[in-house]
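So this first bit is one chain, no partners, the form predicted alone, shown in structure tokens.
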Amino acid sequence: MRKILSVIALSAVMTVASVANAETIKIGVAGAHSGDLASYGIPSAKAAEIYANEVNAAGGLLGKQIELIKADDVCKPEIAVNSAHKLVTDKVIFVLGHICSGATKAALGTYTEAGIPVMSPSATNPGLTKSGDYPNFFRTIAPDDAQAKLAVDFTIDKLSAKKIAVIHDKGDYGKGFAEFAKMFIEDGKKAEVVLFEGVTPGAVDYTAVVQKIKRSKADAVIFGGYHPEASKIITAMKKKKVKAAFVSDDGVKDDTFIKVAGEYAEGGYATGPKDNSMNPLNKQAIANHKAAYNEDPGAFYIEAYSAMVAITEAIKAAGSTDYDKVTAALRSNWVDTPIGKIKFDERGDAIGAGFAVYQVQNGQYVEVK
């Protein structure tokens, strides 16, 4: 193991593009590599790099080196379309990404037309799989309906909330999560939705919606969206002395939320991929990151690393990069990954992936048992 880690650490300082001169298997890596949401995309890019270097050091995939082609979409749908066209032009045979649901949805049509399979470590919008529109799409994270159900059950059963304000960022991901939360609250009939409101992403001040939350007398707020808005809303809630609990999604379960909101993040809840830290493959993936970068990985690193394992194992099982053979292998073969043993259902969701609830305690997320 020590020898392998040394190889990985050495390889990580090399650009993967250095293998571009040889005949290679090209895998696209798409997501937010810059901008406000880069903290979600960069860990996935690092996961791809680390695992590709590991495979390449061990002799490659089907006797060829893996070449990663990166495309930064800044989590913006209009840029994601351009990123998809670039990767298709570059003749990638698989795409790891995109990161945000809106960007993923915008890009998928291009990949579908080109016959390129895509696997996201983080795009949780249910429609990406359940619509049936994207037979080439897979993901190593559970969808938002499962996440929203967990958040609602936790808020009602564990926090004893009877009045819940549901807030969202109007995006595909945030609004989709919020709509599922609203539906589960209303269907359960154990609590009532006292406010359902969208906010504008990137706004400087969210005092107006916080005042509405205060007037609604909500026991809890369920927010669908990302950390830039969540950090401002929870900060404004605390400053306005709104005592409602704050519960959000995996778009907020990121250390950047804690860094930005500071002391105001304390006590906030967020759902996120279930803790698989005791899985030996999970430990190895974390160790590989520390060997390469001398730091802990960020959000969705493990899901992206698992996606790379699933992609490469499917190509091995297929014995080729043929679309039909590789996608069939993804759906029929169980594979051991850092998130556990998984395979993919007919719609592309990972069987074996799930969510847990976390709380900010003393400046870090801790799973709530």
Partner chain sequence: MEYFLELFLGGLTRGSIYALIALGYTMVYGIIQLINFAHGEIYMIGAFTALIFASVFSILGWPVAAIFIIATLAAVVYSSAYGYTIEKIAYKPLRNAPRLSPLISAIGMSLFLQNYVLLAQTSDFLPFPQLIPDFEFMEPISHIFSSAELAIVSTTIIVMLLLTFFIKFTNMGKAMRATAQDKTMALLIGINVDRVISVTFIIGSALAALGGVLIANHIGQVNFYIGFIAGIKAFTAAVLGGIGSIPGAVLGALILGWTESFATGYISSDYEDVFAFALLVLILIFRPAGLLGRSETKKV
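This is a predicted model, so every value here is computed, not measured. Positions refer to the first chain, counted from 1.
Below, we refer to the form predicted together with its partner chain, which is not included among the displayed structures.
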Margin query: Within 4.5 Å, heavy atoms only, which of 127, 298, 198, 77 is in contact with its partner chain in the model of the complex?
Written below: 198
Notebook entry, point to check: Among 290, 259, 190, 283, which has at least one heavy atom within 4.5 Å of its partner chain in the model of the complex?
Noted result: 259
Next item on the list: Tell me the stretch among 152 to 160, 202 to 210, 133 to 141, 217 to 225 that has any heavy atom within 4.5 angstroms of its partner chain in the model of the complex.
Entry: 202 to 210
Note to self: Contact with its partner chain in the model of the complex for residue 232, defined as at least one heavy atom pair within 4.5 Å: yes or no?
What the structure shows: yes
Next item on the list: Using a 4.5 Å heavy atom cut-off, state whether residue 91 contacts its partner chain in the model of the complex.
Entry: no
Check: Any of the heavy atoms of residue 180 lying within 4.5 Å of its partner chain in the model of the complex?
Finding: no
Check: Would residue 264 count as touching its partner chain in the model of the complex under a 4.5 Å heavy atom rule?
Finding: yes
